[in-house]
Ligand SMILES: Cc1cc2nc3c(=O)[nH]c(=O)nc-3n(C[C@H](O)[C@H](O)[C@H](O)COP(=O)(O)OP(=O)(O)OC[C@H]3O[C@@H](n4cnc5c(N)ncnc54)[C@H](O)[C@@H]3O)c2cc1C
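Single chain ahead, by itself, as structure tokens, in the form predicted on its own.
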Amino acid sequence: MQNKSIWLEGYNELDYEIINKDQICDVLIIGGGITGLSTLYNLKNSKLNIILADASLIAHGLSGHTTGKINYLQELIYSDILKKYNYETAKLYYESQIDSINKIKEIIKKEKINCDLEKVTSYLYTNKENEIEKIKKEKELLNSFGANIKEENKEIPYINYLYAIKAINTYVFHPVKYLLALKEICLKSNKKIYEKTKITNILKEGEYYICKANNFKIKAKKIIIASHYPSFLFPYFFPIKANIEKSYISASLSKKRDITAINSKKPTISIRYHKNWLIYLTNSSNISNNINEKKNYLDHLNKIKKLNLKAEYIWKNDDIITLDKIPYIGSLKKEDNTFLIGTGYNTWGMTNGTLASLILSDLILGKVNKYTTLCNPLRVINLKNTKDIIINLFSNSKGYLESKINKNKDWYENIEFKNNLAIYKEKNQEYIVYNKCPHMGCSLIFNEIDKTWDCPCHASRFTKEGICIKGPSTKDIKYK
């Protein structure tokens, strides 16, 4: 079994360029996932001088660890939006997903991208009596938008259910193949892409943002933060407006089927197929809960074993869940489109990352986009979300406090703590790091499967040597 995403199998980790001098540009895109690369693609024919910088390698973040669904049947999301807002808002979100699906298909067809795009039937199901009526209402709501959703009573492989509905015109693809193709297209259009180029600081000076990138500076008139967790923002922005959900995914050899499926109630169970692989997601929970990562992985593997399958690949993923189930895409300053973000995709990153690219590129070009108001990061939090705000604050506080109080977990086998240091011992070698996340000071949890130090508050990750490999932290925790 390989402890990595199946999408990164065969990835050429030598094919990249790193920043090697100071730069000046019109637009700096921070993040090389679905949002960043799709936005760069949309702007490739503009006369703007654009730089994309990624702290790691292209597609090595959230986009390379997703399930790769291109889907508008998204649990009970339309009913959730209807409750929090109104019918028009729920329908507008549905239209945004259809437009995003069509955009991906359009790009793949136009550019002749070989990324294993397949049309599939998607199922939303439940095995709980009290969820059946909710799914029926979701079906009625979607059909009122113009979708063609039907009930299903046939067998769904590896899924036991009491009630299910199905949608057509949904898709799956290989997300990394797609993103690498976008990278090559953008490079041929003379757009600059720097990998292993970590932005660690942003300051505003006059009309430019001055960004520290490795040991160099990038001066940019406009910034797009297209990373998973939007770093460089006031740290208490997200604990109020969103939370982070983690999940565990595996790939097992199985008979090929043209379907996807997901249940309606947490914890999520999600399946799709890729060639002769079954991609299976389970054990979703708030990042601050169930912090024994070894136990989480083993629990996932036990579920796979009960299906008479053997996981050949296994990996972990994180998603930002917003209060109102609508992404945060757009400007963080009123009437100022020089500092933009795209985040909070509620586990539907392929469609919402593409939606973000459409909104962000239009904002950069001064064009009107019908979804700008819908996804405005500055939108007023509806009073109906008060309960969710309290839950979010509690969850984030819980992660912080538990990491402080329960630092010495009894499941650790080769970890020793001394003051603010943590020592991991492996094969007669010691790896010493600071046991505090530079982002907001949470004590880190050692992930014994991935051999990483993980933050249980905001999902930063560090290698056993202390190198930051995932934000929002922009700093390492190396001791020496």
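Since the model is a prediction, treat every value here as computed from it, not as a measurement. The first residue of the sequence shown is number 1, and the count goes up from there.
There is another form of this protein, the form predicted together with the ligand, and it is not shown here; the text below is about that form.
Within 4.5 Å of the ligand in the model of the complex, a heavy atom is found for all three of D319, W348 and T351. The closest heavy atom approach of L57 to the ligand in the model of the complex falls within 4.5 Å. Among heavy atoms of N447, none comes within 4.5 Å of the ligand in the model of the complex. Contact between E293 and the ligand in the model of the complex is not found at the 4.5 Å heavy atom cutoff. Contact check for A422: every heavy atom lies farther than 4.5 Å from the ligand in the model of the complex. With the partner omitted from this view, the residue of I326, I329, I199, L124 that lies near the ligand in the model of the complex is I199 [heavy atom within 4.5 Å]. Proximity to the ligand in the model of the complex, taken as a non-hydrogen atom within 4.5 angstroms, holds for one residue of T67, N42, N435, T452, which is T67. Judged by heavy atoms within 4.5 Å of the ligand in the model of the complex, the contact stretch among the candidates 145-153, 83-91, 159-167, 310-318 is 310-318. Residues A226, S227, H228 are the members of 216-230 with a non-hydrogen atom no more than 4.5 angstroms from the ligand in the model of the complex.
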